[in-house]
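Let's start with one chain on its own, the form predicted alone, as structure tokens.
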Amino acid sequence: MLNALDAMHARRSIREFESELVPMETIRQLVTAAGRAPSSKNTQPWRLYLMQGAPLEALRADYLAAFDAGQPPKPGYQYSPNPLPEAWSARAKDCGVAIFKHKGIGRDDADKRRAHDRENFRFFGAQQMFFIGTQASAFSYGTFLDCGFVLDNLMLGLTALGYGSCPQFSVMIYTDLLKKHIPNSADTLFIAGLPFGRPKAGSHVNQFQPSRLPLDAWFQVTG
């Protein structure tokens, strides 16, 4: 098992998984540990849903059908400012160019680019998936921060245990489908999806890692 710092360095977005399931006992241990995350006044506002087996396959089929039909997106919240700040936009563009280059997708190859986007709605073939959310009527920026602590704990815990994951906002564009497939979620504001599992051995796409800013570009010491 990796220690905390090693897990932080090793974590990356996994886009191809083996078919094996993470054992339920391991998942319960992971979720219990992730739930130790801090929250304002110990409110613990998160809601975490695990999907696997037939329910996940039904959800995957509905997502792919919606994507293939060009269903308009209806996310429950806006993820990014519009427009993005110039520096952010440049980094986002660089990341997109880099992953297409890594996958051998040409600038004008519309079919391969669409297939790349479609992988999001296959959940990258993962056999298990977490969805995290909160009570819709109690939304606040701080609540998102609290839920983010849990999501990060899950990702780092999975990495430490030899598994992997890929946080997704993209699957939030069809939250009506999520509520159709997840019981007792009508009043949930879904925040992110997290497909997870054992990274596929020898996977080329899993080797992709976008560049990171040098420390002095974002870290400031006073005193």
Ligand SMILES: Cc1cc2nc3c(=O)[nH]c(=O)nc-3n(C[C@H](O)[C@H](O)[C@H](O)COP(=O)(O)O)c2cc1C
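Heads up: residue numbers just count along the shown sequence, starting at 1. Treat the numbers as computed from the prediction; the structure is a model and nothing was measured.
Keep in mind that the form predicted in complex with the named molecule is not shown, yet the notes after this line are about it.
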- So in the model of the complex, are 12, 167 and 212 all sitting within 4.5 Å of the named molecule, heavy atoms only? yes
- Message: Quick check for you: of 64-72, 33-41, 49-57, 168-176, which stretch puts a non-hydrogen atom within 4.5 Å of the named molecule in the model of the complex?
- Response: 168-176
- Looking at 127, 120, 153, 143, which has any heavy atom no more than 4.5 Å from the named molecule in the model of the complex? 120
- Report the residue, out of 115, 84, 138, 95, that has at least one non-hydrogen atom within 4.5 angstroms of the named molecule in the model of the complex. 95
- Query: Is residue 79 one of the residues lying within 4.5 Å of the named molecule in the model of the complex, judged by heavy atom distances?
  - Reply: yes
